[in-house]
Ligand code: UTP
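Okay, here we've got a single chain as structure tokens, the form predicted on its own, with questions on binding and movement later.
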Amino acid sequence: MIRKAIIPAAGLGTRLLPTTKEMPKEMLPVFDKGANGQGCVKPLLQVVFEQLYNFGLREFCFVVGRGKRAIEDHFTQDYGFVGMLRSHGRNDLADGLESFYRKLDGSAIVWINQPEPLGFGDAVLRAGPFVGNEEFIVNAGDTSVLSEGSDHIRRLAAAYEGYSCDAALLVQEVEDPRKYGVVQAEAVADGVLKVKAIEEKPDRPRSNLAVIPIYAFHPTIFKALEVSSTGKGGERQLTDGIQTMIDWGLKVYAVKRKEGETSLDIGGAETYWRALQETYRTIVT
């Protein structure tokens, strides 16, 4: 049973400057249904946390970078502010915050600092002491999938456990896979594939199956990351660690995003605009 999650949120957000000069990109707002079912706006990072919490996880490690204090502040309970909202008759807003704070009360949260932008794989590797010898989920802080009841996480965990694999990841078909991590894989069941190879932002993609950065891992990934050489952009890439696992003969599987589910990526202006459109659609339909 997977109990822990690593949420890397240390990226510089350079594609969203100047907004992200002081505001972490993971704190950019999207639309969501609040605790009372009414539409509200909340940071995507909170959406990611709540999806993992609703799936059943209670131990979280946020990997943050320099200038990310706003994240820690947001994930610190402030019941005095809730009381102030209620005293002004804003119970709708107070209910949403109190629901979030109760989830925080029921969670163990660890903060790890990544002082330099050394890559997604480096951020995960730094969380090794938090994970120990347990299996865990990684969910990038700027990425989510809109699915009924966090079903994408359930399917990911089910594939990881059902196929007794060492790593499982989410994938989707895209028109231009050169901007993503790309897998070469063969289908083994409806929506499940066995991964033969994975490469970060290839010039000549082997398929149109792009990685959505949400994963389930055996702790062997830490050993793989330690021995993997520096990859694209001079950074330690998580995809390179996964390829090392494949080279070692370990089992890596992929789960396809379902039709009707929507992936959210707020890493760039164009994808953030789409995320706003998609999430707004969920509160008006």
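From 1 onward, residues are counted along the sequence shown. Owing to the predicted nature of the structure, the values given are computational and were not obtained by experimental measurement.
As for the form predicted together with this ligand, it is not shown, yet the points below apply to it.
- With a 4.5 Å cutoff on heavy atoms, Gln114 counts as touching this ligand in the model of the complex.
- Contact check for Tyr180: no non-hydrogen atom falls within 4.5 Å of this ligand in the model of the complex.
- Within 4.5 Å of any heavy atom of this ligand in the model of the complex lies no heavy atom of Asp166.
- For the chain shown alone, Leu85 is not a contact residue for this ligand in the model of the complex, no non-hydrogen atom being within 4.5 angstroms.
- Per the 4.5 Å heavy atom criterion, this ligand in the model of the complex is contacted by stretch 115 to 123, the sole one of 152 to 160, 115 to 123, 88 to 96, 180 to 188.
- This chain is drawn without this ligand; in the model of the complex, the residue among Ala140, Ala127, Val171, Val195 with a heavy atom within 4.5 Å of it is Ala140.
- Along 10 to 30, residues Ala10, Gly11, Leu12, Gly13, Thr14, Arg15, Lys25, Glu26 each place a heavy atom within 4.5 Å of this ligand in the model of the complex.
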